[in-house]
Each structure stands twice: as C-alpha cells, then as structure tokens.
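So this first bit is one chain, no partners, the form predicted on its own, shown in structure tokens.
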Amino acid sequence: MLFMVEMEVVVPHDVDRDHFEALKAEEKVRAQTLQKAGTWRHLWRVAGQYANVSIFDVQSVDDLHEILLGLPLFPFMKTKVTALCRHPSSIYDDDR
C-alpha cells in the first residue's frame, strides 16, 4: 500500500536545543534505514519550510501508523496521510 505523508516539524521556542539536535540525528538514521529497506520510498523537502513530502510503501495502515509513531521527531510533527493507488495513465508498471 502506498501512502503520501506530508510532515511539518513544529519546534517549540523553549525546546532544549541539544536534545532536539540529538533527535534530528536519530531521525536521519531512522529515515535512511527505512529508505534502504524500501519502506520510505521517496523523501522530498518542501522548499522554505521545515517540512517534507514522503511516499511510504507498507503492508497496512497499521504498519504506517507504527512507523510514524516511532519517528524520533513525531512529537513535534503535524502529519497528513493520503492513501494512493495506481493511476491508469501511468507509463510505469511499478510506479517508482
């Protein structure tokens, strides 16, 4: 199942900067691990924002839910999840 996930990170003004930097480093490792596994299929930064648009390839909605909850920056995120399906006019068989 493919899902588009829009993530915006909202950093409180009083957050401990060292703690937040450590979370960002953990987030990078987790994102790269999921990308290498093929689960986090695409990751794009939204220009001018602390936000991204990502495509996840998971077995179920529950799997996606657990992945998102497990992200180190999840407590600071606003997310929007959209289920995707293959478009009949796509020229690619694997929609990559």
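The numbering used is simple: start at 1 and walk along the sequence shown. Here the structure is a predicted model, which is why all the values come from computation and not from measurement.
In what follows, reference is made to the form predicted together with a further copy of the same chain, a form of this protein that is not presented.
a further copy of the same chain in the model of the complex comes within 4.5 Å of no heavy atom belonging to G70. In the model of the complex, a further copy of the same chain sits within 4.5 Å of a heavy atom belonging to V81. Residues of 34 to 49 that come within 4.5 Å of a further copy of the same chain in the model of the complex, judged by any heavy atom, are Q35, K36, W40, R41, H42, L43, W44, R45, V46, A47, G48, Q49 in sequence order.
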